[in-house]
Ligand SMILES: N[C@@H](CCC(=O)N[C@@H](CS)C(=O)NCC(=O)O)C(=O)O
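So this first bit is one chain, no partners, the form predicted alone, shown in structure tokens.
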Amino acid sequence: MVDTRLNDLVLIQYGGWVRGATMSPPCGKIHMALRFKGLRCRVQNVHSPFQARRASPRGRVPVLIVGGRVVEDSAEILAALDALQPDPPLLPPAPELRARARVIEDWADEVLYFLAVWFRYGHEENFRRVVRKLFERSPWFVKLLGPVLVRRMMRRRLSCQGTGDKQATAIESEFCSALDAIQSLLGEQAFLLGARLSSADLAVAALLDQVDLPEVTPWPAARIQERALLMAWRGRVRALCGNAAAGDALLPPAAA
């Protein structure tokens, strides 16, 4: 039975999302985990890094608050959810598999993440599609200034990490290599670490969901969809956790 205290979970995330266009993959990962475990939570939206710093010194989301305790970083949040409700588990019980899950999750968060960011914010045509969705309901002055600020922030982040300094062809090649690596890890297994879904599956699937949007990021979406083994795995993940690009619609309803 789920502890009733878990119905008091608060998830802090960036608000004002339009489906798929601006969902943060780390936030999407937590949405998938909550759905997998059937946990209710209250969502608190923030709209800038300044607001996020009120909940987190890092100024980054997602942040989970449970019982007054603040948990930062999506990997730590998944571990906290497993500690609060062990069944169904996200972290494998075997130490070796748990280590593999962490390595894959770190790779997804630190490598695959920036490839996805580039396809959304570093690619000129895709960037225009993203910000059109991002600011479509905003006041005129936000529509005017918002894209400039978003472009500056995301390109600075990409440049500091290194992806932003690469040629487009190199990024495309790296993305295809990453997809092939995921398929090689799968082999004949149902999930990345074997027969059961784990945090590794959520970390990778949440990122792929954000670029498998033909109306926003057509090139990476086509590369994902042409890999049958990858698509079959994502179907199994979605059957358990949903599509991370669905945003708040993915979450179980909050307690009354």
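This is a predicted model, so every value here is computed, not measured. Residue numbers here begin at 1 and follow the sequence given.
Keep in mind that the form predicted in complex with the ligand is not shown, yet the notes after this line are about it.
Contact with the ligand in the predicted bound form, judged as any non-hydrogen atom within 4.5 angstroms, is confined among 151-159, 129-137, 165-173, 84-92 to 151-159. Listed residues Arg227, Arg196, Arg40, Arg60 were compared with the ligand in the predicted bound form; Arg60 is the one with a heavy atom within 4.5 Å. A residue is said to contact a partner when one of its heavy atoms sits within 4.5 Å of a partner heavy atom; Glu96 fails this definition for the ligand in the predicted bound form, lying far away. Shown alone here, Asp180 lies farther than 4.5 Å from the ligand in the predicted bound form, counting heavy atoms only.
Using a 4.5 Å cutoff between non-hydrogen atoms, Glu110 counts as a contact of the ligand in the predicted bound form. Applying a 4.5 Å heavy atom cutoff to the ligand in the predicted bound form picks out Ser24, Pro25, Pro26 from 24-38, in order along the sequence.
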